[in-house]
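The chain that follows stands alone, in the form predicted on its own, written as structure tokens.
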């Protein structure tokens, strides 16, 4: 089967997940014990950033594959193309955060409070970059550019299906040109946007490794979701050309980039610990002292678990093991962004209200049921939109000149 059908049962499941997410967001708004409804807003920001980042990494990796003359991924590249289309949804969701900044509906960012900036020399120095106007312009322009490139590459890919041929490389060359243009644009802009969306939650803190670290987290989440969907689709008779060889390579990517993420985690921690600069160490001190379960649990799920499970060669070929590991890592890197965002938001809200964070705080110290429900809701939204995009084109690009290489892929 090469034409995907989004079944009504699947629609009902995803709409139910979205409904659960909406309900949890509503409950987190009205049951919030923190000032300025910070639990609600941080949940919204956290999940929007995570799933928008997965969409970005899909088009970024696809562009890298095009430029590297890679062919093994061709049989399932439609999944990455569909992921990238979620960028337009992510942009709409980020506009809600932007409206909240200008409407003073939330205190996610300390730098958005003019009185706080006026009383803080450090934030005054960062004000040319950390301000509502730059946040708005960068968000709209950067995510808009990402979506433009993703839409362009996908449209050429679909046109190749309709007008190309297996020996016609003209469409592939066009995609390579667009991919080559996108890689430097995506690389530089992703760093700027993650500084604004995530790192500036802790307005006094900065790290030169943060963009690498957070992007690696997005990448592992994207690879994990790719593996999950491929296994699900294959169980329903789709993607018959995707073999254990492809899943093995995706498993190696999952393992390798989990180690790379850990390398960046350690490098960021070690360099800041070694320098012992108060402005930098406060980030880790807060998380280790006040959020230890979150801090160390993040490392266990995202490093220890994949290291010991995926290190064996055969586990990357076992569907059940690969599926469970991918589910754990999709959640684990969602948890990683949770610990990047939540502690900073809590402290900002408490300071703005003249209070101090202490002890267990529901929805911040560790994810609560409302956070898990919101995650399920956003995942349902992401998958619903992905499935609608998959319906719009053939699952396997029959006229891609690299398809034969993908079919006969062997490692």
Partner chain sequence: MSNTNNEVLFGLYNDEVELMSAVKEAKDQHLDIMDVYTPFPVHGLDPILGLSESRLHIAGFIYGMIGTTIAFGFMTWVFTRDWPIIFGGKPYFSVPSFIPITFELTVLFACIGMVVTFYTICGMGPGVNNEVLDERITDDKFCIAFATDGMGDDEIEKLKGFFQSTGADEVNSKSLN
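Numbering follows the first chain given and starts at 1. Just so it is clear, the structure is predicted and the values come from calculations on it, not from any experiment.
Heads up, the form predicted in complex with its partner chain isn't pictured, but that's what we're talking about next.
The putative spot formed by 135, 138 and 252 is not touched by its partner chain in the predicted complex; no residue has a non-hydrogen atom within 4.5 angstroms of it. Residue 269 is the only one of 212, 331, 269, 233 with a heavy atom lying within 4.5 Å of its partner chain in the predicted complex. A single residue from the set 181, 96, 311, 118 has any heavy atom within 4.5 angstroms of its partner chain in the predicted complex; that residue is 311. Not displayed here, its partner chain is kept clear of residue 1 by more than 4.5 Å at the level of heavy atoms in the predicted complex. When contacts are judged by a 4.5 Å heavy atom cut-off, residue 296 does not count as touching its partner chain in the predicted complex. Using a 4.5 Å cutoff between non-hydrogen atoms, residue 129 does not count as a contact of its partner chain in the predicted complex.
Remark: residue 206 does not count among the residues lining its partner chain in the predicted complex, judged by a heavy atom distance of 4.5 Å or less.
Of the stretches 181-189, 272-280, 198-206, 154-162, only 272-280 has residues with a heavy atom within 4.5 Å of its partner chain in the predicted complex. Of the residues in 374-411, those that come within 4.5 Å of its partner chain in the predicted complex through at least one heavy atom are, in sequence order, 410, 411.
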